[in-house]
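Okay, so here's just one chain, in C-alpha cells, the form predicted on its own.
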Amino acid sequence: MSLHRRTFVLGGATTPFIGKKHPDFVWKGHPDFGKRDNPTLEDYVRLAVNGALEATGTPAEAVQKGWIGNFVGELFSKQGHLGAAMVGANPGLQNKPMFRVEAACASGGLAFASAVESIQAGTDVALACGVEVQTTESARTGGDYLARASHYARQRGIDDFTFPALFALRTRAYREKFGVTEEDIGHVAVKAYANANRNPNAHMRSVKMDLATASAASDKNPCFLSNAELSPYMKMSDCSQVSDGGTAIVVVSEEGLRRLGKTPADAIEVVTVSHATGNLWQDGDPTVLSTTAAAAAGAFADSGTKAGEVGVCEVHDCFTVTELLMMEAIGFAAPGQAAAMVREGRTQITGDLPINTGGGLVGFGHPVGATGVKQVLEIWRQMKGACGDYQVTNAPSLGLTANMGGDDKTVVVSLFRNA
C-alpha cells in the first residue's frame, strides 16, 4: 500500500496476555479456583480500548472509525458482533462506525491495515483493536476451533491438534532439507522465554526455559501429537501460548496529530502496509512461507527500503520453526540460514536485529486476534524507549511487523519509522 497521506501510530495499550502457567490465570490447579473468574472477552475489549485512549490522550469522541480483529469469539465466548462491542467499551464511541475483521491469526494485522487504509481515505483519528479469549474450552476442543483457520475438510484429520501438526510437518521438511538440528530450533524457544521473563505483560513471564530442555523431548517438555510420523517434530516448548488478552492502538493522520495536541515526535510513522493472501485450498513447499515472502517483497518495493535496513521487528512465531521461516521469507537470512543467526545471538535484544523482543507468540503469548495489533504497539514501544527491562540497545530507525493468519495464508507486513 503506497501511502499518499502521512499516517502515524500514536501509541496504545495492551492487557497482560494470560493463560495456564501465568500467575494471574485461574485454572483448576490455581488456589483461587472457584473464588474468582478470569477476564471475559467483554473485559478485554473494554480494557484495551480505554487503555489506548488514555495512554494516547485521545478522547473517545475524537475517534472517527474503529476496527477490531477477532477470530473465534463466537466459539470460545459465544459472542460475535464485536464492532458493537467496541462501542460498548466507552460511551464516547456511541454511533461511531466500528467494524469487526477476521483473518485467523492475522485478524489484528488486518484491523491495523484497515485503519491505515481509512486514514488514506480521509479519516484523521482511527482505532485498531485486537482481542481473543481461548481458555474457556479444553485444549482439544480449542484445537478443533482453531483448526477452522486451516482447510478444515482437508487438513483437520492430520491430528487432534491440527496446527501444531501442520507446523511439525514444516519442521520435519526444514530440518531434513537444511540439516537444521533440534538444538538449533531450541535456541528460538530459549530466546523467546528469556525475553518474556523481562516483560511484565508476557504470558510466560514466570516460566524459565534452558537450552537443554528446549533441545530434546522429555517428561518436562513432551512431544504431544498423536500423529506418530509428526510427533517427534513438535514439543511443548515449540508452541505459542493459548492466551487471552487484548491490545488497541490509535492511528492518525497529520491533522489527527494536530487535533490531539500531539507532534510526530510522539508517534511512529507508518511507511507502508502490505497485505498478501494465499490459496486456502492448496499448499506449496513446506520450507518456504511464500505468502509472507510476497507481502514482505511488496512492503520493501512500496517503501524503497531493504531488509538490511530494519533495526527491530516482530514476526509471527506461532511455532519456533515459523520464526526461522519468517526470517528467511522476509529476507533477513538465506534459505536454511536463519537458525545460525539465532544461535549467534544476532536476534537477541542486544543483537544487530532484535526479533520478538517481548517474547513473541511463544513467550509473550498468542491471543489470536490481538497479536497483529500487539506487534505494532511493540514496535512503537521499542522506538520510543518504553520497553523497560527489554528495551533494545540499538536505536532502530526502521521497524517491521509480520502477522500471519493460518498456515501462511493471510499475511500483513508493515514498516515503520521513528518520527
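Residues carry their position along the shown sequence, with the first being 1. Keep in mind that this is a model prediction, so the values were computed, not measured.
Just so you know, the form predicted together with a small molecule exists too; it's not on screen, but the next bit is about it.
The single contact residue among 242, 257, 310, 296, judged by any heavy atom lying within 4.5 Å of the small molecule in the predicted complex, is 242. Proximity to the small molecule in the predicted complex, defined as a heavy atom within 4.5 Å, holds among 104, 98, 126, 214 only for 104.
Not displayed here, the small molecule is approached by residue 316 to within 4.5 Å at the level of heavy atoms in the predicted complex. In the predicted complex, no heavy atom of residue 86 sits within 4.5 Å of the small molecule.
Taking non-hydrogen atoms only, residue 186 never approaches the small molecule to within 4.5 angstroms in the predicted complex. Using a 4.5 angstroms threshold between heavy atoms, residue 12 stays clear of the small molecule in the predicted complex. Contact with the small molecule, judged by heavy atoms within 4.5 Å in the predicted complex, is confined among 245 to 253, 283 to 291, 137 to 145, 334 to 342 to 137 to 145. Heavy atoms of no residue among 5, 268 and 399 are located within 4.5 Å of the small molecule in the predicted complex.
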